[in-house]
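Form predicted on its own, single chain, as structure tokens, below.
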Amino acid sequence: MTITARTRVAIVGAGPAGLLLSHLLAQSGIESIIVDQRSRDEIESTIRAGILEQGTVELLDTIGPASRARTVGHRHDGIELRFEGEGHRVDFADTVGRAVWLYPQHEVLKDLISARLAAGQDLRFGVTAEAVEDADSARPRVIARDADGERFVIEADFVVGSDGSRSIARAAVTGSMTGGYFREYPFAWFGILCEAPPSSDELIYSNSPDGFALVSQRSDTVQRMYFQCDPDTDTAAYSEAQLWDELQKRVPGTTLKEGPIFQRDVLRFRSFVAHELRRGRVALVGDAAHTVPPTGAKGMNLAIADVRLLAEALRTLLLEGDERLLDAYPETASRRIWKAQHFSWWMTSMLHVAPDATDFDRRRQLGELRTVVESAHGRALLAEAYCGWPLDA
């Protein structure tokens, strides 16, 4: 016999978007069930970087003391753009009066999972969603299997797909798991984690003739750094000394503080936006709806912005019977999504050296960087997008 569970909102995916959505719904008295095929330990131990916009931090504040973004995370009031051996600081506080917080995504997930479980959230780990059905009906369903392989169904008034870039829910909305606008970039990031003190108080985005590099931080003792590479690069192809040489030559003018490297990975650059964000009573948020290259630090923040809109739309639908905000959700969310896509593309194209770049391309790129850093309006444009447009805008 197939077991059937009943809830107001079924959420597929226990990432930041799904977990925060359940919190915001609960504040309105709307129950939900969250399922995720990963275990709690897998979710909390998958290391991912995180730059949180000010609006994201303010929304995380609503989960109360469980959020450690302000206490453990590091507030940053600017970044440095480095090119031609010189650093140029973009001062967020001075230009737009906002800030960002360096706080890894897996720490955000720990906070949200702890808060939701403490609140009695029905959160089911080790559950594989196989399909979302009946999107056009009043009772869409999630077809799933538990950790023991037993099939069960969740019937809901609404289903939300927050199940990442390989979304099962996307097929119910767009007609296929790949239905969307797609772009793949001809380069990737080679990332390292190392045991060392910070090389800089703020992030350094460096454009050099040898390619891009990002000097980031993780904590007082662990640092994260990246350099531009070919997407097919083998992480074992470099010795530790070669990695430090590669990073150092791409940040001329800054002496990096070196330490033992304990993690390496290659991060491919892709942009994606689903053709549709909603069909009937199924909607997409986060990576299920869109992905961006990491240069603009928009991924998790864009997911949180989706959730902010959808939570209010579901509140008015389920408590007031008003569908207007839900009907507007795809267009409203898309405006921000495409602004973020543009910003991520702009930062990427301005800072990376394309494989087929000519001398003209290189000189034009340097002219673009100078246009930004030598103009108060240029710095403000970058700062406004980097710190995040207001969530109510």
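Numbers follow the displayed sequence, beginning with 1. Only a predicted model underlies this, so the values are computations on that prediction, with no experimental measurement involved.
There is another form of this protein, the form predicted together with P-hydroxybenzoic acid (PHB), and it is not shown here; the text below is about that form.
Contact annotation for the candidate site: L102, P294 and A297 all lie close to P-hydroxybenzoic acid (PHB) in the predicted bound form (heavy atom within 4.5 Å). Proximity of L214 to P-hydroxybenzoic acid (PHB) in the predicted bound form falls within the 4.5 Å heavy atom cutoff. Using a 4.5 Å cutoff between non-hydrogen atoms, R48 counts as a contact of P-hydroxybenzoic acid (PHB) in the predicted bound form. Interface membership of L203, defined by any non-hydrogen atom within 4.5 Å of P-hydroxybenzoic acid (PHB) in the predicted bound form, is confirmed.
P-hydroxybenzoic acid (PHB) is not shown here, and in the predicted bound form it never comes within 4.5 Å of any heavy atom of R308. You can rule out all but one of 309 to 317, 219 to 227, 128 to 136, 106 to 114: in the predicted bound form, only 219 to 227 has residues with a heavy atom within 4.5 Å of P-hydroxybenzoic acid (PHB). This chain appears without its partner; in the predicted bound form, the one residue of F92, W189, F83, F158 with a heavy atom within 4.5 Å of P-hydroxybenzoic acid (PHB) is W189. Residues from 365 to 391 that approach P-hydroxybenzoic acid (PHB) in the predicted bound form with a non-hydrogen atom within 4.5 Å are limited to Y386.
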